[in-house]
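Only one chain comes next, encoded as structure tokens, the form predicted alone.
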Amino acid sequence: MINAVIFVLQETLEAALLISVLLALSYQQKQPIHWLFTGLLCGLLFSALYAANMPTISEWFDYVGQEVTNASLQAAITLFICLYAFSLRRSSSPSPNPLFFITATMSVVCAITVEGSEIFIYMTGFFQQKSHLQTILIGSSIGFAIGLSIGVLLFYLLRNLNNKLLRFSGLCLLALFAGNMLSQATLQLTQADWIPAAQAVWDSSQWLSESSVTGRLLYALIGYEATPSMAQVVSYLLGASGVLLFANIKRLRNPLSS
């Protein structure tokens, strides 16, 4: 049961944290939250379709289709988060922002497609094992509830911040998430042999193993890797800095603007 709890918690936590930050910034920007419902519905639909067609998708690109598709979705999340950061107004306005809606929606759709498909595949693997199915369902429900609760808690914590601190905190969290996604995309492409494998930049597994409960949760929260390659480190930094850069493009264009 504990494995089911940790696995579903890890997958749920990534999407829940992203949605919490986007939702808090949406309220701060006085934007409609239609993107949330659209993103959730489309994400669940696409994740189910992705999981159902995984045997076929896995055969693409000389049997590395899953890795390449996941990497593409994760890179897309990074791009959409960067564009979302660009769409944030410095002074909130009640008028709808199309770029805000599109980028928030697509970020959620891609995130749920990736994370949700993993849960679908994990769950369906136990449908033929009746003796373990009840235990897996209970563990998965617990993991989902914990991940959802953490997301709700983060949302209310952000909502209690003043506008300036909320924007700063939200952008920092989005930067970490974007860096995590791009780093994961790099790892997927390395596993597919599309990016050459390289020696690890460091090895922190003796202090904190990736397979431990703490390591897996930190992986979901900040993209912790015990043995990252240089390509992963560079990708992480590019994804994180990209969000912060896009968020400040307007100010860079006009340094005298407030």
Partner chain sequence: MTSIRVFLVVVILAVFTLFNFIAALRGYQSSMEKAEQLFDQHLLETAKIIANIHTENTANNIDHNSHIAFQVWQDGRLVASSSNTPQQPIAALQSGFNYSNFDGYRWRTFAYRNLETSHWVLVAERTDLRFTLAENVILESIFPVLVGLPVVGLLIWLIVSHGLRPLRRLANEMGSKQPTDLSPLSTQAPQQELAQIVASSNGLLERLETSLQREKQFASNAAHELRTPISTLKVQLYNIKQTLKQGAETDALEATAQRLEHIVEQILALYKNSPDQYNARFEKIELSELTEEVLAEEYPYFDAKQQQLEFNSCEAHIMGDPFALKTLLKNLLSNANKYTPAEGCIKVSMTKLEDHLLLSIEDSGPGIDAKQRDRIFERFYRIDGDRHPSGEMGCGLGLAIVKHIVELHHATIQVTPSSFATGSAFKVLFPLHQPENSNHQPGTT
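Positions refer to the first chain, counted from 1. Here the structure is a predicted model, which means the values were calculated and not measured.
There is another form of the same protein, the form predicted together with the partner chain; it is not shown, and what comes next is about it.
Hey, in the predicted bound form, is residue 156 touching the partner chain, heavy atoms inside 4.5 Å?
-> Output for residue 156 is yes: heavy atoms within 4.5 Å of the partner chain.
Is residue 172 close to the partner chain in the predicted bound form, meaning a heavy atom pair under 4.5 Å apart or at it?
-> No, no contact at 4.5 Å.
Proximity of residue 152 to the partner chain in the predicted bound form, heavy atoms at 4.5 Å = Residue 152: yes, in contact with the partner chain in the predicted bound form.
Though only this chain appears here, would residue 166 touch the partner chain in the predicted bound form if you measure heavy atom gaps against 4.5 Å?
-> Outside the cut-off, so no.
Any idea which of 118-126, 101-109, 184-192, 133-141 reaches within 4.5 Å of the partner chain in the predicted bound form, heavy atoms considered?
-> One stretch meets the cut-off, namely 133-141.
Since exactly one of 146, 161, 176, 79 fits, which has a heavy atom within 4.5 Å of the partner chain in the predicted bound form?
-> It is 146.
Residues in 1-15 close to the partner chain in the predicted bound form, defined by a heavy atom within 4.5 Å, in order = Result: 1, 2, 5.
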